[in-house]
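Next up is one chain by itself, shown in structure tokens, the form predicted alone.
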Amino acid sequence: MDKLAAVKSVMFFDGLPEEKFNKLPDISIVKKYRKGETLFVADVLANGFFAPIKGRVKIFRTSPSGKEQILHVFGPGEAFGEVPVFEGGTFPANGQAIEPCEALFFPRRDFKNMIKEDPDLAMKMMAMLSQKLRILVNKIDDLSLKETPARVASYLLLLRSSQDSDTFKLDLPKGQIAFYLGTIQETLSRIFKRFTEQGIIALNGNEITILDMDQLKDIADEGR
């Protein structure tokens, strides 16, 4: 594997001068995980952060009753787990591979030493953390202020924008999508059925085609 190319694919490091990349492969470790394998668990000391090269990882919390709430799904090029690393705390949630996965692992001690010696990298880190904070605030906003159909519509629009096509596959099983959106699978299925009957989407297994983008956007906006 070309570790330098892998490091350069991580969006967390976008914009760094070429010479700054040379040290990163030396401190990174390539780790491989099977589907369903745990990368880390909540409330355990964070000893480093991750960036998938292949496959995806879900970040989730589990309630005392056993209900799972998916907080985010990260794919190739997206870094996660860096906040507790730099505050010296524990992972706030669990990380699990949802498909066979390879990830770069950046040990906390080695990366902190790099940050101390490189102000440009430190500034880039601050910018990325700020961006993630905005994403989290938007998710909380969606879950708390929007009705369920609007959350589903927003989710479909997000998938469409990330895959740049009106036809795309759902990135998670429907049960996990329901957890992610703060609802149950039966409700999600009813909303998909309603959207299909209204001619907003076409559904074929786990493949979605958006037929009426304007109406989907209206539903996403009117749920506030």
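No experiment lies behind these values; they were computed from the predicted model shown. Position 1 is the first residue in the sequence shown; the rest follow in order.
This protein has a second form, the form predicted together with the DNA, left out of what is shown; the following refers to that one.
| message | Contact check in the predicted bound form: Glu37, Thr62 and His72 versus the DNA, with a cutoff of 4.5 Å between any heavy atoms. Do all three pass? | response | Negative, none of the three is within 4.5 Å.
| request: Using a 4.5 Å heavy atom cut-off, indicate which stretch of 190-198, 41-49, 26-34, 54-62 touches the DNA in the predicted bound form. | output: The contacting stretch here is 190-198.
| said: Considering non-hydrogen atoms and a 4.5 Å limit, does the DNA approach Ser154 in the predicted bound form? | reply: So Ser154 does not count as contacting the DNA.
| task | Decide whether Gln185 counts as a contact residue for the DNA in the predicted bound form under a heavy atom distance cut-off of 4.5 Å. | result | Contact with the DNA, yes.
| Taking the shortest heavy atom distance, is Pro84 within 4.5 Å of the DNA in the predicted bound form? | Close contact is absent here: in the predicted bound form, Pro84 is far from the DNA, nothing within 4.5 Å, heavy atoms only.
| Exercise: Glu147 in contact with the DNA in the predicted bound form, heavy atom 4.5 Å | Within the cut-off, so yes.
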